[in-house]
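The chain below stands alone and is given as structure tokens, in the form predicted alone.
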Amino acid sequence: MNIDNKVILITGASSGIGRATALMMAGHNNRLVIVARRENLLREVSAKIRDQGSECLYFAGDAMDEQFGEYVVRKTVEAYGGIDIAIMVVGIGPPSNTLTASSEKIKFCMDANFDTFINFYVPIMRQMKTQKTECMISHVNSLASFFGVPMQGDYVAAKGGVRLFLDTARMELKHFGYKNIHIQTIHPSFVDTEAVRNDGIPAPGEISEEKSAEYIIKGIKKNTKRNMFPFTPALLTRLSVRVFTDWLITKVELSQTPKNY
């Protein structure tokens, strides 16, 4: 898919993977709409985007608020006429123990990863179904969404839920004849972001935010259904899903898990 001269909506764009992706997209003469909670950081990112020659609108708010998603999409369409690419990056993954965590903590993590996506997906899909040109909904998921991971039970459950939801949406788009709308899930391994830098979760093979953004943009250009990276952990994930047995997956994962968390 072409990424030049597009209207691109990015949630979670004030820091981390979202910020890095927005700044890389800024070099392609785009009209960017960036969303996050921290207005001061959005303002800084917006200025950097404009310095690179792209237009930019920003909206500060909570992606867990359904009305905020509706508002952002409406304002984007009013300003630019439609949405060509939507990249949704919002999510959290603090350490969690399924044996001791409270229901409140578990549900908050799952809402922050699932509801934040749905609150934007619904109005974006509604808008894209009115468009005739090629467009894409892309969700930054995780390689961990394919199996259980100690210290991340609520996180991987929510990410797995979004992955399956979008697999279904892809089928239904084909069934109902919306050939111009593409669905993509993005599955990075560990990425060195501010949010996870000191969370105590093992992160073998960690890559930078910028490298992650490079992989994301490459995947959007190729219009892959599942953009999994980097190579080695992505390959191991594919093998885990198709070949490895549960006992081996469990053995490998527990070898990297702290005794107490």
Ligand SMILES: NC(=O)c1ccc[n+]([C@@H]2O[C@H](COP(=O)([O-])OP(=O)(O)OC[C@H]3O[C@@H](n4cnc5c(N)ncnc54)[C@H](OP(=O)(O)O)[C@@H]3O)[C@@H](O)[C@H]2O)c1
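Numbers for residues come from their place in the sequence shown, where the first is 1. If you're wondering where the values come from, they're calculated on a predicted model, not measured in any experiment.
Only in words, not in the display: the form predicted in complex with the named molecule, which the text now covers.
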Exercise. Is every one of Met64, Thr116 and Pro188 in contact with the named molecule in the model of the complex, taking contact as a heavy atom within 4.5 Å?
Worked result: yes
Exercise. Pick from 169 to 177, 83 to 91, 96 to 104, 129 to 137: which stretch has a heavy atom within 4.5 Å of the named molecule in the model of the complex?
Worked result: 83 to 91
Exercise. Would Ser14 count as a contact of the named molecule in the model of the complex, using a 4.5 angstroms cut-off between non-hydrogen atoms?
Worked result: yes
Exercise. Do Thr193 and the named molecule share at least one heavy atom pair within 4.5 Å in the model of the complex?
Worked result: yes
Problem set entry | in the model of the complex, Ile34 touching the named molecule (heavy atom, 4.5 Å) | no
Problem set entry | Proximity of Arg38 to the named molecule in the model of the complex, heavy atoms at 4.5 Å | yes
Problem set entry | Residues of 215 to 236 having any heavy atom within 4.5 Å of the named molecule in the model of the complex, listed in sequence order | none
